[in-house]
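Just the one chain here, laid out as structure tokens, in the form predicted alone.
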Amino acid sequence: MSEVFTKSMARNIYYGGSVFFILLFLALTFDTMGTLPKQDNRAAITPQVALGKKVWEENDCIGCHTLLGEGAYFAPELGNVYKRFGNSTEAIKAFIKSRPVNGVPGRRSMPQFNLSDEELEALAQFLKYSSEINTQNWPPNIQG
């Protein structure tokens, strides 16, 4: 390389790279904006689903669980728990109710939150709603 790297060469690389990445950004933005409306097939949020979200937040479920990839990795992913429990809100409610009062000594386990029947139903409906969001096959397996 006997050639010297000049200011004009550096400027051309800078401007050329900038134009390339701006065009790439615009192309990806237009592609995303065209794809998003096609995949939005969620049901409307009902007052019961909203209450379930409130119960989820008040009991800090995300402090242990992930929901659609967000949250802690201490306990299982709950984005597909409705499918994992056989498409049954009753099974979800029964599982939450069956937790021991003080947990299992020496093991990490979900505590008993002593939720009312209304809160249990709302939480189950929220988890059902979450499982119906088109996540493009996330999580990749049924176990989360």
Partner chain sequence: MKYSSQAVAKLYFMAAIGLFVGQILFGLVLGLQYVIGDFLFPAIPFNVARMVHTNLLIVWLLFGFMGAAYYLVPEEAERELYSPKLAVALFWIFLVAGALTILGYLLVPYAGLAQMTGNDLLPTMGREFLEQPTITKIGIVIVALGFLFNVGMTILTGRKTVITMVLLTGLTGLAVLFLFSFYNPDNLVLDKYYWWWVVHLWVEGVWELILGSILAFVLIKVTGVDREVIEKWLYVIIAMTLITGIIGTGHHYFWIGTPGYWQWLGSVFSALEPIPFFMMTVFAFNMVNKRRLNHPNKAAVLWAEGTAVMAFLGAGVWGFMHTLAPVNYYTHGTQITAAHGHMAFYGAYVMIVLTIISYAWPIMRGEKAANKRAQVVEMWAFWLMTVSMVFITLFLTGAGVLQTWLQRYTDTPLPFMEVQAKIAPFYWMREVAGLVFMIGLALYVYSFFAKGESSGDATPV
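Since we're looking at a predicted model, the values are computed, not measured. Numbering follows the first chain given and starts at 1. C-alpha atoms forming the largest set that superposes within 1.5 Å between two forms make up the rigid core.
From this point on, the text means the form predicted in complex with the partner chain, which you will not see here.
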Touches the partner chain in the predicted complex: S88 (any heavy atom, 4.5 Å): no
In the predicted complex, does E118 have a heavy atom within 4.5 Å of the partner chain? no
Counting only non-hydrogen atoms and a 4.5 angstroms cut-off, does S130 reach the partner chain in the predicted complex? yes
Is K53 one of the residues lying within 4.5 Å of the partner chain in the predicted complex, judged by heavy atom distances? yes
Mind listing which residues of 61 to 94 have a heavy atom within 4.5 Å of the partner chain in the predicted complex? I62, G63, C64, T66, L67, L68, G69, E70, G71, A72, Y73, F74, A75, P76
S18: Cα shift of 2 Å or greater between the shown form and the other one (core-aligned): yes
